[in-house]
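This document starts with one chain, in the form predicted on its own, laid out as structure tokens.
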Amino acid sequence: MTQSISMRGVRKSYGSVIALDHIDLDIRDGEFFTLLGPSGSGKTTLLMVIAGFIRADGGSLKFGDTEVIRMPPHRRDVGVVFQNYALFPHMDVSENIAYPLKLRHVPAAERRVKVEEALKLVRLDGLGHRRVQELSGGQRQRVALARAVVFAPKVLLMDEPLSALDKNLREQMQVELKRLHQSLKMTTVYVTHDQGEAIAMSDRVAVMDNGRIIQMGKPRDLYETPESRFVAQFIGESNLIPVSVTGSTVIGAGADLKVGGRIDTDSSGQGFLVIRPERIQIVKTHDGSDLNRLSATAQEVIYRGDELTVYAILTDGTEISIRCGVHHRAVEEICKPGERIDIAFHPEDSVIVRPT
């Protein structure tokens, strides 16, 4: 049985430094929920408060209907995968995985069965006798995961478990972790600073900064409709074009622009139009469509294997990037450095956020 998690007014300070600033949060039963943010944003502190390894200064933390804010870690029934895996080098794989069961006084015969099941779950069948030092990084990560779930905890917590892996292995393990979550349906709270990881794996994501949750929602919503400049820049790559808004008129880069998404400016009507690089087209002629159109000067075209990235400067001096599939080979002919190009994008692909 898994558990929902709810927080109200959770706070934590270290002297004058506010690590958690009155956090309100609801994580659904069986959800894969990610805390995403830069270093120092408070995401790991929040995870450790859920685990019970850090005591909050105040607030409420409930697993289901049970208040756990003052409950010691060993009574919370949570499995934890740490960033460095925290495996015991003097134990073999099976002994590492069995350790939580031994602490809970599970009989030896039952421990062996549960360890074998956990090894199969993480696809390490037959490696129970290996020493930790004999394993690859990806295998160690799987052992740590098996140890965290072998006793069927109600909540699984993971603190940047893939950060030590190389890019290819990290992407493989993202798929493995998602598969495992779908199999176990265990309430999972995952910490990362990697926005690609968060988007690929999560049911919902909370973006944190300076001890606060800045925006929370499904990965697609965060990517397509950021509510602030911080989220727009942190979640994926964004072009931010300075605009001035008066009534229903939006002016940016010397042109009247239409916006299909949200519009949020400061008191003077200033803001930034957010448009993703892959949503911009390079056009040759005006086709009479309802696209926003701007002039730019090409600076550089970078071949990246699966795509081309065009860097350009708008008439107001704003630097932008445009992503094109490699099948657009003509782009390299059109976008020679120093030459003028016309770009276009659909109004509904943009939103306007405050300058700060």
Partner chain sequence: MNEIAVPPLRRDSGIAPALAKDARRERSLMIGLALPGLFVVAAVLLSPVGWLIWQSLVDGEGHFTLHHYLSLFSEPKRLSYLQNTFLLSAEVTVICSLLAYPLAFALTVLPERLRKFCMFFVVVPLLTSVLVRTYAWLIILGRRGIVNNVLANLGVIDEPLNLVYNYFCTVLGMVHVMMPMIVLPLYAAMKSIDGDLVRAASSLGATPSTAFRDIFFPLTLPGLFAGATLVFVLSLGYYVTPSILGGGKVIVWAIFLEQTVSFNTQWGPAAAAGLLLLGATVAVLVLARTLVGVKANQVEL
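Predicted model only: the values in this text are computed from it and were never measured. Residue numbers count along the first chain shown, from 1.
The form predicted together with its partner chain is left out here; the points below concern that form.
Taking the partner from the other structure, its partner chain in the model of the complex has no heavy atom within 4.5 Å of any heavy atom of residue 347. Contact annotation: residue 299 falls outside 4.5 Å of its partner chain in the model of the complex, judged by heavy atom distances. In the model of the complex, its partner chain stays beyond 4.5 Å of every heavy atom belonging to residue 317. Using a 4.5 Å cutoff between non-hydrogen atoms, residue 304 does not count as a contact of its partner chain in the model of the complex. In summary, among the residues 164, 121, 216, 282, the only one with a non-hydrogen atom within 4.5 Å of its partner chain in the model of the complex is 216.
A heavy atom within 4.5 Å of its partner chain in the model of the complex is found for one listed residue only; from 56, 294, 324, 47, this is 56.
By the 4.5 Å heavy atom rule, the three marked residues 28, 60 and 69 all count as contacting its partner chain in the model of the complex. Only one segment in the set 173-181, 206-214, 263-271, 187-195 has any non-hydrogen atom within 4.5 angstroms of its partner chain in the model of the complex, and it is 206-214. Contacts between 85-101 and its partner chain, taken as any heavy atom within 4.5 Å in the model of the complex, involve no residue at all.
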